[in-house]
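Next up: a single chain in structure tokens, the form predicted alone.
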Amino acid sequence: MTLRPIPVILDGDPGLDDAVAWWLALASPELHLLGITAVHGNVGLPLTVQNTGTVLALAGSNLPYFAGADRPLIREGLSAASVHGQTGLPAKHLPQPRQGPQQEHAVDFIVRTVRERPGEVTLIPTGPLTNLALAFRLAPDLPEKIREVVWMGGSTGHGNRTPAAEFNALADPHAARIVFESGVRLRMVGLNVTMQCIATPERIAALRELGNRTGAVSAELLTFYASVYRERYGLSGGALHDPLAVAAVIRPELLDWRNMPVDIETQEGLNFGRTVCDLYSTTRPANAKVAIGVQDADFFALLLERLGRLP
């Protein structure tokens, strides 16, 4: 029996690993992509919108894309340009977008699309959760109409932007709190698993050896931030954070999952932005399914095979 592709909205802040994640999604027949919504994050919104168009152009896709929130709900904006470069996509000879963003705001697109397909749409946010939080505030009926949210963000343990907080959570913790308290069906793919998925020199070489433009650009992007991961974390390459969230929708069995309560710390201080995960569900019923393990080699094999399908 052939399974029906999952209707998906991608949401993110490209950023080099967002780009690789979206190429994985574009090459995967298990997903029926409805559109991409850009948000502030790794770089500012004008660049994340521009980069979304570039990612689609390189893949030869005319998928519609939308500009979303240009700042967090409350706090000042953050940037990860020190990791992703000043443009967010530090690769040479990238194509110009084939088309501009749609006039409709990203939040309105999310609300409209979910309401048109109640119970069908999965959202895969790989950046701050501002667009989703705004959609949930604008349309309180939305969480119960979404099939699932699969977020790359947070951690069961350590952070990366601070000792306690992962970047996507810290970039808008108030938005993350709204989403985690909304009752939406939610899976979290955090640093505790993504930091096990490393773009080693051997894996970068395998991407380059695909012989296509997508493989070459992916290798170039992942080489760019490898030095940060070597110097900061002592790893042999950069982590494949965002592609793992997409893979979690395509093949959820690649990860081990545990239901647990997750809170977002919004009190200023050392733990600001932390995803507080109750691994043993001692406090209250679970509100998220959290990834706690990953089959790293199988994940990369999937990524390599799918990127090889693109131009």
Ligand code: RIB
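These figures come from a predicted structure and were not determined experimentally. Numbers follow the displayed sequence, beginning with 1.
Beyond the structure shown, there is the form predicted in complex with ligand RIB, which is absent from this document and is the topic of what follows.
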Contact residue in the predicted bound form, from 179, 221, 152, 114 (heavy atom within 4.5 Å of ligand RIB): 152
Check residue 192 for me: does it contact ligand RIB in the predicted bound form (non-hydrogen atoms, 4.5 angstroms)? no
Consider residue 130 of the chain shown here, and say whether it contacts ligand RIB in the predicted bound form, taking contact as heavy atoms within 4.5 Å. no
Is there any non-hydrogen atom of residue 160 lying within 4.5 Å of ligand RIB in the predicted bound form? yes
Partner proximity in the predicted bound form: residue 37 to ligand RIB, non-hydrogen atom cutoff 4.5 Å: no
With a 4.5 Å heavy atom cut-off to ligand RIB in the predicted bound form, the contacting stretch among 140 to 148, 210 to 218, 105 to 113, 235 to 243 is 235 to 243
Heavy atom within 4.5 Å of ligand RIB in the predicted bound form - qualifying residues of 164 to 186: 166, 167, 168
